[in-house]
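Given as structure tokens, the chain that follows is alone and in the form predicted on its own.
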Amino acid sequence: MRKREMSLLLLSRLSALLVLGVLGGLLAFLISRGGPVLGKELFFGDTPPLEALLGLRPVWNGLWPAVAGTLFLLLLTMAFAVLPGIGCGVYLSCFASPREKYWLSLAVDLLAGIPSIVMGLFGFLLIIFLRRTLLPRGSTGMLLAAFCLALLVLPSLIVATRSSLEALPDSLLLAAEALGFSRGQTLRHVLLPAAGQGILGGVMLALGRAAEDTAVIMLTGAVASAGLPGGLTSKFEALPFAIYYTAAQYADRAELDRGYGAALVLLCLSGGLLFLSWRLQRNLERRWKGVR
């Protein structure tokens, strides 16, 4: 028995070291290839930075339009996905009957298993259907891409919310009932704040999935050299598509290194969002516990 425990401990440590080694190797490779090209020219090319940031002059050979397009796309995706995802998770955890839980959980699992390329094809066919019925002049654009990405990340939000609420101790619910809280007050003032860390974790997973997906945006509105986003129905640039396009069309090593630089920028963007989520989690937890 002792040997089995030692073998399991050794295996788990080796697995942890493998994860750290792979992550460290990936970061080292991206930094070695993309780090030297990081700078003003990578983002703005020949355009003055201030004029590029204000949209006074277009940027044709820099990443700024792709960065701006990615940020706008993420905001729009979360606007579509956060409330339905958290609301469905709350309903499954607190209000649904066993029969409703079974069928809704099955639907969420099926939605989670849909590949991103299939979701992109769904968006492409959706705009064709709308052209023939309600929107004769409709076309692919940021609104359609954000809607399809929201459907793609919705299961992670639902599962994270449901799991976080169901993992709370029964003592919280009993204490709220003893204090005379209604069901809505218990959910608002006790359960949701206590599960906030897990719910925010689900939001970050959804943001990361939406930020890195290429197949959906490639079929629903992302193009090369589109410039800054011009509206909800206009074409746009995004970092994942810029990386894919560079990897497929690069002409020399310098251009390929720019693609590695774009990958490093996308990784830094995801890391920044993760840091902001961690700070928000800490603030919410301190506020709920009454710590100033």
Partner chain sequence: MVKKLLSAVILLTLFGFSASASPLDPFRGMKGSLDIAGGTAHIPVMKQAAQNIMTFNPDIRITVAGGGSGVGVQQVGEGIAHIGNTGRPLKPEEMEKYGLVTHPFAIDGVAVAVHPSNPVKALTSAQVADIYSGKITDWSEVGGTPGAINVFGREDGSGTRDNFTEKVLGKQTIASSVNVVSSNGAMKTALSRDVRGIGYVGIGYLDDSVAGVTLDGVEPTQENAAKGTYSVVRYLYMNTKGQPEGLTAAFIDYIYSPEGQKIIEEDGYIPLPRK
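If you're wondering where the values come from, they're calculated on a predicted model, not measured in any experiment. Positions refer to the first chain, counted from 1.
Omitted from view is the form predicted in complex with the partner chain, to which the following refers.
At a distance of at most 4.5 angstroms from the partner chain in the predicted bound form, none of the three residues F72, L76 and A254 contributes a non-hydrogen atom. Using a 4.5 Å cutoff between non-hydrogen atoms, G45 does not count as a contact of the partner chain in the predicted bound form. Proximity of L54 to the partner chain in the predicted bound form: non-hydrogen atoms within 4.5 Å are absent; the residue sits far from the partner. Using a 4.5 Å cutoff between non-hydrogen atoms, H189 does not count as a contact of the partner chain in the predicted bound form. At the 4.5 Å threshold, heavy atoms of S156 stay clear of the partner chain in the predicted bound form, well away from it. In the predicted bound form, A247, A248, Q249, Y250, A251 are the residues of 246-263 with at least one heavy atom within 4.5 Å of the partner chain, listed from first to last.
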